[in-house]
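Quick heads-up: it's one chain on its own, the form predicted on its own, in C-alpha cells.
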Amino acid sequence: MSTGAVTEDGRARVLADGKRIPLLGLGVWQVPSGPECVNAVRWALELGYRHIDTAQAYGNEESVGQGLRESGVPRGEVFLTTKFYPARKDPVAEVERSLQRLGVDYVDLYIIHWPQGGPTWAWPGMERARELGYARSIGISNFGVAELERLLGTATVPAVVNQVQFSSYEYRKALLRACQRAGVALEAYSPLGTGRHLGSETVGRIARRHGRTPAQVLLRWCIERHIPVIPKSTHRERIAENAQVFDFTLSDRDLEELDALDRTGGTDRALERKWWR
C-alpha cells in the first residue's frame, strides 16, 4: 500500500515509513493529570479509538498510561504519541522518562513539540530514540514550511508527521501541500478550534443537511483529506459522538463551503504567532 494511502476500512493512513496511523485519535492537551484524564483515555479506547496523543509538556503521561492499562486494550493495538519538550536538551533521555511514566516499552510516534532553538538541533536525538526502539516513528509539530525544509535538508531519517493547528478555519493550504510533496503526513490538532468553530452558521447548515453534529462535520472535513485528527474531550458522550465520522461523506459542495471558512489565507506557517522565545 502506497504512502499516504488509506487502509481498506478507511480508518488509518500509511506513513512514509510504512507504519499506519489511525485517522481519528484522542488528544489530551489541557486535560489535568488524574481521574479526568484516566477516564477520557479509558472511555476512548472502550469506544473504539486506537490512537492517543499526549506530550511531556502536558504533565499527564502517567494518567494516559493508567487509562490504557484500565481499558484492557492490548498495547499493540493502540497508536500512542508523545512529544519531546524542546526546552530540555536530550530527546533520548526525555523519551526514556516518558516511557516510564506511560508504563510502556515504546511509543508509536515521538514528535518534537515545537521548533524552539531552531528546527534541526534536536533531530539527531530523535533519530537515536528511533534507532534504540523507543519510538517506532518520529515527527515534528508546529513546523512551518521553512522549518520543515531546513529539517528535511539535514535529516538522515525524515520526519513522517507534522502535527499542526489545522481545520477549515485554519486551512494552511501551502503548508499542507509542502508536507504532501515531502511525503510528510500533516496531522490536525484543535480541529474544533477548542470549541470556537462549533457555532459556525456554515458548519451548522452542513451538519443539518447530513443529520450530523457540527463537530462531526469539522472532523469529517479532515478525514476526507486523509488527515489524522485528534479532537480533545473529557466527556464520554462527546468522545463517542466524535467517533461517528466514518459512516458518512461530505459532498464537493460541502467541502467548498468549508474550505471558504479559512482565515489564514492558505498560509505556509504552522502558527500565526510563536509562544516560545
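Residue indices: 1-based, along the sequence shown. Not measured: the values here are computed from a predicted model.
From this point on, the text means the form predicted in complex with adenosine-2'-5'-diphosphate, which you will not see here.
Quiz item: Is V104 close to adenosine-2'-5'-diphosphate in the predicted complex, meaning a heavy atom pair under 4.5 Å apart or at it?
Solution: V104 lies outside the contact set for adenosine-2'-5'-diphosphate.
4.5 Å heavy atom contact, T194 to adenosine-2'-5'-diphosphate in the predicted complex
Yes, contact at 4.5 Å.
- prompt: Using 4.5 Å between non-hydrogen atoms, is S233 touching adenosine-2'-5'-diphosphate in the predicted complex?
  reply: Yes, contact at 4.5 Å.
Check whether N242 has any heavy atom within 4.5 Å of a heavy atom of adenosine-2'-5'-diphosphate in the predicted complex, and answer yes or no.
Although adenosine-2'-5'-diphosphate is absent here, N242 would touch it in the predicted complex, with heavy atoms inside 4.5 Å.
- Of the options L198, A87, A174, A182, which one has a non-hydrogen atom that comes within 4.5 Å of adenosine-2'-5'-diphosphate in the predicted complex? Exactly one listed residue reaches within 4.5 Å, namely L198.
adenosine-2'-5'-diphosphate isn't shown here, but in the predicted complex which of S137, S141, S71, S190 has a heavy atom within 4.5 Å of it? The option sitting close enough to the partner is S190.
Based on heavy atom distances of 4.5 Å or less, which listed stretch (57-65, 204-212, 224-232, 248-256) is in contact with adenosine-2'-5'-diphosphate in the predicted complex? Flagged stretch: 224-232.
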